[in-house]
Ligand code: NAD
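Take a look at this single chain, the form predicted on its own, given in structure tokens.
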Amino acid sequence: MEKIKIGFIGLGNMGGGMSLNIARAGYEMVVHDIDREAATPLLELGAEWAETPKQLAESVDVIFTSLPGPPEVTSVSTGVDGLIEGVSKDSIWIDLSTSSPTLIRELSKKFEDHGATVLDAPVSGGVKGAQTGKLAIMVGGNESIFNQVKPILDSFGDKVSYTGSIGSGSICKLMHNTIGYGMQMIISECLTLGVKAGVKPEELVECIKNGSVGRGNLLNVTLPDTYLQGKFDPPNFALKLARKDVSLALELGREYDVPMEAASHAYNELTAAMNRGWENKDSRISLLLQEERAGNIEVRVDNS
């Protein structure tokens, strides 16, 4: 894979940084963007310019796209002068966009009819991560093709994960982002309440950063030791104590007229779990209620 030619479409905030890191790793490149000026840094490094996605696909072995979303992915891949018109047998298309899992699965089948392979590989780490090569890359598709192109992915990402069949990378990225935005909601509730109740923002944020939440214990320690193992006894922190804490926070919110929608939902979940007779179990047992609502889906991770 060392002497292959790489095409890159979408040279914006994310794609610009990723493509430059690929070029700096020594790969020969062909690039395209709706704004030719965005390609200037790459052209100065010796990259070639392609007038259309089709032209780019005709001249490279591996194609990367970094686009805003499903409409752009569809247009670039199967629109007029799209990638599908230029790919050949053994072509590999890797879509780095945060897009629809269903769409990439449909497109993968169409590209297979032309002998090409598709991987979905959305990234996380922001613009700075794209510039510095500090990105998480979540890759779905054929595993042998993933192993073949991994050295290229390593040139712009420091945490590259194979996630399973086509579309699974996009699923992981969507779940990751939605967790982040959900966390933002309850963080904003607690920060506004804390400040209104009399704590300075600097001190409040510092305390949260220094505590279990700020240290990342939930995903790295607590959930792996309890919920992800299906182990709730003996409790790490009892359900009845967790509900007491959230109840006190909601009482404070009422006192200071601060709406606490996300916290109220958490309280309702803990209360429903209490009504199952789980008060002395680990508080994470309340998460089983969502498993039931999802159709008795069990989320368990083997740590052996």
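From 1 onward, residues are counted along the sequence shown. Computed from a prediction, not measured in an experiment: that's the story for all the values here.
Missing here is the form predicted together with the ligand; even so, the following discussion is about that form.
Visitor: Using a 4.5 Å cut on heavy atoms, which of Glu44, Glu251, Asp257, Asp35 is close to the ligand in the predicted complex?
Guide: The residue from Glu44, Glu251, Asp257, Asp35 that makes the contact is Asp35.
Visitor: Pick from Met185, Val127, Val80, Leu219: which has a non-hydrogen atom within 4.5 Å of the ligand in the predicted complex?
Guide: It is Val127.
Visitor: To test your reading of this chain, name the stretch in 242-250, 274-282, 261-269, 60-68 whose heavy atoms come within 4.5 Å of the ligand in the predicted complex.
Guide: Every other range fails; the passing one is 60-68.
Visitor: Please tell me whether any heavy atom belonging to Thr163 falls inside 4.5 Å of a heavy atom of the ligand, as the geometry stands in the predicted complex.
Guide: Looking in the predicted complex, residue contacts with the ligand do not include Thr163, since no heavy atom lies within 4.5 Å.
Visitor: Please determine whether Ile94 contacts the ligand in the predicted complex, using a 4.5 Å cut-off between heavy atoms.
Guide: Residue-level check for Ile94: no, no contact with the ligand.
Visitor: Determine whether any heavy atom of Glu143 comes within 4.5 Å of a heavy atom of the ligand in the predicted complex, and answer yes or no.
Guide: Heavy-atom contact with the ligand at 4.5 Å: absent for Glu143.
Visitor: Using 4.5 Å between non-hydrogen atoms, is Met14 touching the ligand in the predicted complex?
Guide: Heavy-atom contact with the ligand at 4.5 Å: present for Met14.
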